[in-house]
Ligand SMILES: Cc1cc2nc3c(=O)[nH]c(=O)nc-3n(C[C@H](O)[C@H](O)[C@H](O)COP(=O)(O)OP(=O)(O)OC[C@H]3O[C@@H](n4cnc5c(N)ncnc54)[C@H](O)[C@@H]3O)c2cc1C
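First, one chain by itself in structure tokens, the form predicted alone.
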């Protein structure tokens, strides 16, 4: 049994950022990251749109708002220091219908409250001048929004961890957790480890890792949602210069189908948001019986369906109908045609659904004795990764010094 000060479970961008921030705070700490895949950043980190969000959407004083604004600055600085390409293209959130205008007002209020630099309202005429192919009644311009390849960022985090003396154990799945005394015993597929503190950053499997440690008292469940993308054909990849987003549905914590210029010069359209029949199901044909059964036996899943069934049917329709997907896109860019859309990739979002059927809208990080569980960190987690790491470090340092009351999972 090898002994460590800290063990981080999961080598996605949040787990790696957390390990890196611990090493920055405690350079002499013995730390390792345990990852079940053969490489780091294999799931949510490398299956997203690559946007460094500015912090417009999130409720002021929420963990998302605080960490997104801070994290975007930290991430951009990190990329400059490590020669990782970042392109500042700006984002325009477009009101495509008059009913969107009050919602756009609220987003503007939130953005200013969150300290988003340069945020300003633009008129219909200015929108048309900035983006001739985009239709809208008004827009909200966040000029400092950027794009990056988050897989490259994660690799740079991993490199710095190793250079600082940390270890990353790949092909190593966690199978059991025990807390016999003041330390945690971590059984894995390769060896048994012991640590003073464990940080669960297992992403799509974070609730399962939490149940290994805390059992039935874990009431949160991950429901996987697949987001599917189309690529705009190369001849039209320059049709927009900014990230073009609709005003999102305030009842649903997804941002809607949008147009995203990529760091490689391509233009991506999407995603939708459909229930995924596997936690790692990046296509419609992948079905995992265990994953489905865990969802179907969870009462919160059925309560969620009763709340969002109409929205869900629309998302499913767009998943199977290219024309329906196009109609949604044409609300933003009317000149797009079916011929412009080519199949793209997909990602799976780890979304916590509460027992009452609501979708957890903020980051959810809980402490249970000397284990910290990072349970809900969807978008903008990649943007906020270093700030989330610092937030977790504060909990770690608190654990090291104070025998505090465990938080409810």
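All of these numbers come straight from a predicted model, not from anything done at the bench. Positions refer to the first chain, counted from 1.
Below, we refer to the form predicted in complex with the ligand, which is not included among the displayed structures.
Heavy atom contact within 4.5 Å of the ligand in the predicted complex, the stretch among 101-109, 126-134, 172-180, 287-295: Going through the listed ranges, the match is 172-180.
On the criterion of a non-hydrogen atom at 4.5 angstroms or closer, are 13, 43 and 150 all touching the ligand in the predicted complex? The answer is yes; 13, 43 and 150 each reach the ligand.
Heavy atom within 4.5 Å of the ligand in the predicted complex - the one residue of 275, 325, 229, 78 that qualifies: The residue from 275, 325, 229, 78 that makes the contact is 229.
Taking the ligand in the predicted complex as the reference, which of 377, 65, 372, 31 has a non-hydrogen atom within 4.5 Å? The residue from 377, 65, 372, 31 that makes the contact is 377.
Contact with the ligand in the predicted complex for residue 349, defined as at least one heavy atom pair within 4.5 Å: yes or no? Yes.
With a 4.5 Å heavy atom cut-off, would you call residue 205 a contact of the ligand in the predicted complex? Yes - in the predicted complex, heavy atoms of residue 205 and the ligand come within 4.5 Å of each other.
Please tell me whether any heavy atom belonging to residue 209 falls inside 4.5 Å of a heavy atom of the ligand, as the geometry stands in the predicted complex. Judged by the heavy-atom cut-off of 4.5 Å, residue 209 is in contact with the ligand in the predicted complex.
Non-hydrogen atom contact residue 201 with the ligand in the predicted complex at 4.5 angstroms: The answer is yes: residue 201 has a heavy atom within 4.5 Å of the ligand.
Taking only heavy atoms into account, state which residues of 51-81 are within 4.5 Å of the ligand in the predicted complex, ordered by sequence. Stretch hits, in order: 51, 53.
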